[in-house]
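Okay, so here's just one chain, in structure tokens, the form predicted alone.
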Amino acid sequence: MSSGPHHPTPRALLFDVFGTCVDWRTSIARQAGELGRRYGFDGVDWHAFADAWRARYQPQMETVRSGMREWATLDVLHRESLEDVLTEFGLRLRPDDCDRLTLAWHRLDPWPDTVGAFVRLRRRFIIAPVSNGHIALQVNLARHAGLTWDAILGAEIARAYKPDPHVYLRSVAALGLAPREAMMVAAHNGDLAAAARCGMQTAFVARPVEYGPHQSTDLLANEGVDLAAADLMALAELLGA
């Protein structure tokens, strides 16, 4: 089966993780809220807290991409940005609880379709993350969420952050594949465009509430994406898995 016009069936499916495979917003809001209640914090909008933390994700990675600093893992970047978010919300936590909350990104729950779709897809394809999350984070997240990866790839093996082409190309090369033999799967059109520039096939999976009920971006696949699916189960159907 071909994945689209002029494209061979991919041998590997490489996944974005945050937002595509797991629901970071609900998971972070829940864990932050549980900790906040132990401190007696009342009236905090924990979903807004999660959004504010996530809003610092790209700017923090840009400090590495731009060469302003040496390579640093997401644990380091998330811990630094957490301090800013706590200040923004007028909250104070003990340092050990800040460390514990930083590791909430290792404990994100999967979308309802993810685990079942992975069982189907893995019968036919190599599946692996190409995420900005480092290896320890991805291993812990896989164990928490039941993500049955064949390998852990992505930012740390390239020591770079997406959309740097090295992240995609070194991940594909680690599997002994050419870019055209791999398909990047993501809920974010920018991620797919970067992968396509590297010669990879692309599949868009809709996650219309990743950023909450009023999400206005990445609702549909951009022109040029090879496949578009309503969720990962629908993608499995399209790929004949």
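Position 1 is the first residue in the sequence shown; the rest follow in order. Remember, predicted model here, so these are calculated numbers, not experimental data.
Keep in mind that the form predicted together with a further copy of the same chain is missing from the display, and what follows is about it.
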Original post:
Which one of these stretches, 125-133, 107-115, 92-100, 79-87, sits within 4.5 Å of a further copy of the same chain in the predicted bound form when only heavy atoms are counted?
Top reply: 125-133
Original post:
Leu175, Ala206, Ala193, Leu35: which sits within 4.5 Å of a further copy of the same chain in the predicted bound form by any heavy atom?
Top reply: Leu175
Original post:
Pick from Ile152, Val167, Ala145, Leu74: which has a non-hydrogen atom within 4.5 Å of a further copy of the same chain in the predicted bound form?
Top reply: Ile152
Original post:
Do Val139 and a further copy of the same chain come within 4.5 Å of each other in the predicted bound form, heavy atoms counted?
Top reply: yes
**OP:** Answer with yes or no whether Ala160 is in contact with a further copy of the same chain in the predicted bound form, where contact means some heavy atom within 4.5 Å.
**Re:** no
